[in-house]
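One protein chain, two forms: both are listed below as structure tokens, the first as structure 1 and the second as structure 2.
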Structure 1
Amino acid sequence: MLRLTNIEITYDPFIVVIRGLSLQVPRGQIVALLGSNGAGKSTTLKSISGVIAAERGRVTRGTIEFEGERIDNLSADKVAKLGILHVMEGRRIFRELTVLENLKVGLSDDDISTAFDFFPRLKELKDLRAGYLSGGEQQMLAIARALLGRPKVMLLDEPSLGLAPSIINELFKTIRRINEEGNITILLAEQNAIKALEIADYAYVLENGRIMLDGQSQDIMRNRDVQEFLMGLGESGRKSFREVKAYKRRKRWLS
């Protein structure tokens, strides 16, 4: 339902960050986008949701299609209205607004109880200014708010960033529930490969703006190189897929 075909993303003026990237997110699935710092995960998500324009970036080649419609370089509010909501990196929330007000901004269901069903903790905090929430609570708020927009697709950018392991576990369970019960397709960008693969159906591995590997989660999870580079297991000292011959002739995407 969401398909990126051979896209190239350029930040102003000529910084090409993503080259020839193709991926697809089928309806109802959780697709993980893995990669270490600077791989281009956020850039990819931002190009889908259109917020990249705020950073003077744009899709300079290729196409992004959503339900058969071209959405590349569409303005962010229009993409949101089509049903793609982006939960940005770093727990972006409106710090000066209360939790309740945050939940009501933009596309939002009049019935906000859904948000509290998935994140009961927020109910107790609803009148507090959001800037005072803890990191985990802010992340919950960011996701809850997107949820109220009744998206078809949710783009999650490193929800685990800076959270304690127990909170991450809880959060990822909720993400799974949002996918299953809320019937929302999810594209999840994560550095935490283990956690992401646990809940994802399919995964892409990104390095230096290119897709190095993709496959069913179980297969990716068992992949020795993924274990080594992204999960910190193994001891060969190699740090990137580029050093691995097998992936040099990376398979061309058939679009």
Structure 2
Amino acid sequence: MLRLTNIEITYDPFIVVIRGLSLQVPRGQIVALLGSNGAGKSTTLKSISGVIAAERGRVTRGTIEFEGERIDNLSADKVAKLGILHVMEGRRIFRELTVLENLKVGLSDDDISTAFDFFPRLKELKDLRAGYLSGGEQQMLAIARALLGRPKVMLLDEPSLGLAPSIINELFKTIRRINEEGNITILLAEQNAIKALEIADYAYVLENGRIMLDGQSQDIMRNRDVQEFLMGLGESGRKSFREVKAYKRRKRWLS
């Protein structure tokens, strides 16, 4: 359904941040794009959605195809019209508007009812200004707004960022429901490898703009290097941040 083939992404004038990246997102699946901060996850999603052009970036090599048609360097509005909607990091909502007003822009009441089915908490808060919502509620609202665009593919960028564990659990269950019940394909960029792998069908591990490892989610979850360096787990339990930093020096999957 969505295929990136050997893409290179460059920011003006000649800063290359992604090199030779290839991945596939089959119809109906959740595919996780894992990696630490700065690995290139957000840049990859922006290259698909066309948002990267606003940051003076572009795909300079390779191709991005959606349903057999090339979309690399297509404008963001044209990509959205094709059915690819991007929920960016940072919960981009209208803070001065109420929850309901955020959802009502150009949409029917039937669509809003569907959003409330997935996020009943938003229905309870529909008359509250979005700026007063908690971080988790704002993330729900951002995803709900994208959902109402009736996407074929949703690009979710770090949905768990800054959220409490209990909220993350609820949010990721809902993402899986959206995938299964809404028949929406999802590409999920996420630092929380454990939660992403719990709901994803397939995963890619990205570092310094390159794919280092890919496979079925359960296989990736059992990989010792992924456990140690992305999940923070070692033989003696969860590692400290200082210990996990050794990842930058070792990277056994590169050998």
Partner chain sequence: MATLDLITLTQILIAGALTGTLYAPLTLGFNIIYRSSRVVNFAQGELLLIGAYVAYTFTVLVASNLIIGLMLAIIATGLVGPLIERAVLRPLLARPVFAAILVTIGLGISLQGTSQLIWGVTPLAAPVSFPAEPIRIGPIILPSVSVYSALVSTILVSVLLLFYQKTKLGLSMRAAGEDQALAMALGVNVRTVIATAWTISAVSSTVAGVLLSGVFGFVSYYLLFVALRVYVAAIVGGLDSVGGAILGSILIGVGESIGGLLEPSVGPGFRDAFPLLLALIVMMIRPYGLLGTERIERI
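If you superpose the two forms and keep the largest set of C-alpha atoms that fall within 1.5 Å, you have the rigid core. Structure 1 provides the reference sequence; residues are numbered from 1 along it. Just so you know, these numbers come straight off a predicted model, no measurement behind them.
The form predicted on its own appears here as structure 2; structure 1 is the other form of the chain. Residue 98 is among the residues whose C-alpha shifts by 2 Å or more between the two structures once the rigid core is aligned.
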